[in-house]
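Considered here are two forms of the same protein chain, supplied as C-alpha cells in two stand-alone entries, structure 1 and structure 2.
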Structure 1
C-alpha cells in the first residue's frame, strides 16, 4: 500500500475536500435561519456550501445538515498520540503470569461515577459474561472483582479502594456534558493523591470518549475506548504490575 502523508476529506473524488456537518441553532426554522446556518459553516472555512436538510425542532430550535468543501489537509507525520502499547496475552497466559511470576490475586474496584448511569462498558470488562467472545475479569481465577455499578460518588469509590486494598481502579464514563467525565476522573485522582494511595494503584478509565491521551491528562495510567476486550485490560494490568516490580 502506498504511504500517504497528506490527508484530506473526500466524497465523490479522492482529495476533493468534501465534508458533511450537522448542528442545531437556538432559533426557529426560517429563511433567515437557513442563511445563518450556511454562514456558520462558512466561518468554519468551508466553501461551495449546500444546505441539504433543515428541520424545526420546536421550542425555538432548528437543525441543519450542510455539505461543503475544505482546501485544508493534515500531515500524518505531525500527529503523535499516546497509546497503550503492551504485549497482548490471552486468558491462560494472564492467569499463569499472575499465579506463578507475580504470585498474587489482583483486586479490582470498578464503577461508573457521578450522575453517569451507563454500565454496559463497565460490565463488558468486569462481568463474567464478558465481551467480544471473551470472558470478563470475574471469570479470571487471579482477579477479584468489586463492581460498584452506576452513579457512584468518588468518595464511595475511594472508601471501597481502601477497604478492599485494591490494586486496580477501573472507572467507566459515558456522559460528557460540560466535561463531567474529566471532572469526575480528576476528582477521584485528587482524592487518591490526598490519601497517598495514587502511586500504589493502577488507575484505568474507559468509555466512548476515552483514550490514553485523555487518561494521562487526568492523571490515570491508561484509557480504553469502544471495542476494548477484557483480555486487553487484563494484559495492561499484568504488564504494568511487572513493570512496577522491575522498576
Structure 2
C-alpha cells in the first residue's frame, strides 16, 4: 500500500522509484560521452542507472535515454494546494450571485499582449462558443466583455482598462521563449501600478505554461493553465469580488 507520507515513483513495483530521462549533450557520441551521460543522471541522484539508448545526432551532438531509480519520496500530506479552496460555481450560480447579491455587472478587458498572436486560449475563455463544453464569458449576462484580440501592446491594454472602467483584465501569454511572457506581464503590472489602477483591478493571466505560482511572481492575482474552463475563471472573479467587498 502506498503511504501518503512517502510517495515514490512507481514503475513495476511499489516504491521502485523508477524514472525515465532523456537529454542531449553537445559532444559527439563515444564511450566517454556515454559515461558523461551517466554522470549527468548520477548528478540527479538517480541510481541503478541503465543507459538504454545513445545516438549520435551529427555535428557534435548526441542523445541519451536513461532509466534509473530515485530514492527520494514525497510527503503528500504536506502539500496544500491553495486554489482548491476557492468554491467552484457554475454559470447559474455565478450570474445569480452577481445579479442578486453583488448587484454588479463585471467589465472585462481581455487581450493577448505584446507580439503574441495566439488567441485560441483567450477566445476559449471569452467567446460565446467557449471551451470544454461550457459557454464563454460573453454568454454570461452579468459580464461585459471587451476582447482586444492579439498582438496588443501593453499601453493599449492600459488605455482600454481606463476607458472601459474595467473590473477585470484577462491577459493571455503563450510564447515563452526567453521568458518573454514574464517580461510582458510584469510590464503591464508596472504600468498599472504607475497609474494607481492596480489595486482596484482583478488582474488575471493565462496560457499553457501559466499557473498561480507564475502569476503571483509577476504581481497578478491569478494564473490559469491548460484545460481552464470559463466558469473556473468566472468563479475566481466572483470570489475575489466577494472577498474584496468583505475586506
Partner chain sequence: MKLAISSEQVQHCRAMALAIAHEVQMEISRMSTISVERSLLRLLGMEGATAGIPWVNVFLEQIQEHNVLEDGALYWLGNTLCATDLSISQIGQEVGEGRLDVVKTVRHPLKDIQASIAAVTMESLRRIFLLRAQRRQFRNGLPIHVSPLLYVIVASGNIHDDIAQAKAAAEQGADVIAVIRSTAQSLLDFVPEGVTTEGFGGTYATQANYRLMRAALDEVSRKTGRYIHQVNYCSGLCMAEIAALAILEGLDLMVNDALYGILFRDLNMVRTMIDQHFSRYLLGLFDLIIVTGEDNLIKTVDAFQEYYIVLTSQFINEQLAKQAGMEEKQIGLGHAAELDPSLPDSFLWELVQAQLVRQIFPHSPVKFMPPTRYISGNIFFAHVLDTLFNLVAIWTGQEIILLGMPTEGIHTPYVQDRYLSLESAMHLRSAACSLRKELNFRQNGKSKARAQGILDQTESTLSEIEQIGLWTALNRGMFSQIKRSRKGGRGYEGVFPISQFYLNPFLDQELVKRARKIAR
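Please read these numbers as outputs of a predicted model, since none were measured by experiment. Residue numbers count along the first chain shown, from 1. We call the rigid core the largest set of C-alpha positions that still match within 1.5 Å between the two forms.
One chain, two forms displayed separately, with the form predicted in complex with the partner chain being the second of them, structure 2. In the core-superposed comparison between structure 1 and structure 2, the C-alpha atom of residue 74 has shifted by at least 2 angstroms. After superposition on the rigid core, displacement of the C-alpha of residue 225 between structure 1 and structure 2 stays below 2 Å. Residue 29: CA moves 2 Å or more between structure 1 and structure 2 after rigid-core fitting.
Taking the core as reference, the C-alpha deviation of residue 11 between structure 1 and structure 2 is 5.5 Å.
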